[in-house]
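Just one chain is shown here, as structure tokens, and it is the form predicted alone.
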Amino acid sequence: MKGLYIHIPFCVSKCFYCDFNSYAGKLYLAEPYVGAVLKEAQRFSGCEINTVYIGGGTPTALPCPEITRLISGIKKIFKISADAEFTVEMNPGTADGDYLKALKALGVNRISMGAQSFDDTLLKKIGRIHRSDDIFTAVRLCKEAGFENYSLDLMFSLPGQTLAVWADTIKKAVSLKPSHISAYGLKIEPGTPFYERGVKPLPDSLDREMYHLATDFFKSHGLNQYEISNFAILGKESRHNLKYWHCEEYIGLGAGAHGFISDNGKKIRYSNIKAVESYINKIGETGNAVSEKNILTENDIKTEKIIMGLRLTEGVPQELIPEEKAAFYIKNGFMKKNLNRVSFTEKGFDVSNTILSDLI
């Protein structure tokens, strides 16, 4: 079965580090946008789906009637399995008890919450609309609405962040007993306010110290690392994101969304028009807003399997890695072998980009 990703490009405000396809001040387009997504979905009518992920942007910035219309609509268009993982991203600053109860009633069974930090000074510095207390409130509201499966996104290497502040964040995050945590190091991307302001990343040594502090702390509290930046209690790994890392098929709907599908025996990656107005207009005209489509060669597929698969702690089948290179990296402690699979060690994760460049 395929996965389904739906992109919601609306935000209350744009965070200073964000290079995702999202826009503040355009919620007046919510109604036509949802209509366009549902029309685009008709291209894939009847497809069997076992993971749904509504991301953004801030999906919970959508008015409740619109997200209700969206979810109700896709449930009619697709064949969504009874045991599907159904995730909606949420900013703690938009948490609302009635809204969460409505999501639960619609079949959503997982919330992914962009907490980022529990330090109010840092949250303000990176442009978040919420504060630390809002995270605790949001988790309480999730539980009251019946959500047992919720994830927290955290960020480290933030400007001005110290090891002690990061330690406090991961401690508070774990105290909320999430089933899943994602921990990402800040990257200064071109086009973001941070990039324009000349914000510099923290030293690599401190970045790595923060990363290892988190991996050790999460493991000691039952959140096992299954991907370079992701940790979960057993059985609560993100099934949807695993589709990406396993190079499985998924449909992408919405402005700027990406998809990976088979068509007439060919593997195709595609992406949609990014601009919200252009996306709505194009769907209205043709029902299709694909702006780029790439047909993958066998070598492309192999390369993707290496790049994506080595993000996972389970690694990749040994035959994907040239024997002499695998032997070299295993000998020098960057990789390890388990049965017929090769994976990065902790040391290897720290320099994974360099090794991947060598492998491909």
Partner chain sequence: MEYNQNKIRNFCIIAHIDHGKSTLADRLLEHTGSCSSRDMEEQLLDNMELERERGITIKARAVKLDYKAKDGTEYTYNLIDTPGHVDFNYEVSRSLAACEGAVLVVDAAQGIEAQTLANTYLAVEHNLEIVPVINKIDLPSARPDYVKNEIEDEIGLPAQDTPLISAKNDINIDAVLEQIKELIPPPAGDENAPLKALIFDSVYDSYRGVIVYIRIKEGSVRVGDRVRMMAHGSEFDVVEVGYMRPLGLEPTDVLRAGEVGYLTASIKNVSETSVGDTVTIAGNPTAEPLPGYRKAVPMVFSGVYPADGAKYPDLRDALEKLQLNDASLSFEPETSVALGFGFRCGFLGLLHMEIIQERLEREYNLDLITTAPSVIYKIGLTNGTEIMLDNPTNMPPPATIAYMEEPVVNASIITPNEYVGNIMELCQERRGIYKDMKYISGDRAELHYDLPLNEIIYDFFDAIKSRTKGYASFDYEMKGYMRSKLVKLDILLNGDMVDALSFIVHESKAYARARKIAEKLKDNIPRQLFEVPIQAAVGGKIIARETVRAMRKDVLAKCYGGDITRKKKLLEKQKEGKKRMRQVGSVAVPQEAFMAVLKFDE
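Positions refer to the first chain, counted from 1. What you see is a predicted model, and the numbers here were worked out from it, not measured in a lab.
The form predicted in complex with its partner chain exists for this protein as well; it is not shown, and the discussion that follows is about that form.
- In the predicted complex, its partner chain sits beyond 4.5 Å of every heavy atom of S343.
- The shortest heavy atom separation between E304 and its partner chain in the predicted complex is within 4.5 Å.
- None of the heavy atoms of E319 is located within 4.5 Å of its partner chain in the predicted complex.
- For the chain shown alone, V351 is a contact residue for its partner chain in the predicted complex, at least one non-hydrogen atom being within 4.5 angstroms.
- Proximity to its partner chain in the predicted complex holds for none of R239, N338 and L339, with the criterion being a heavy atom within 4.5 Å.
- Exactly one of the stretches 44 to 52, 62 to 70, 30 to 38, 288 to 296 approaches its partner chain in the predicted complex with heavy atoms within 4.5 Å, and it is 288 to 296.
- With the partner omitted from this view, the residue of S229, N109, T137, T121 that lies near its partner chain in the predicted complex is S229 [heavy atom within 4.5 Å].
- Just one of F147, F86, Y244, F217 comes within 4.5 Å of its partner chain in the predicted complex, counting any heavy atom, and that one is Y244.
- Residues G185, K187, E189, D204 of 185 to 204 are found to place at least one heavy atom within 4.5 Å of its partner chain in the predicted complex.
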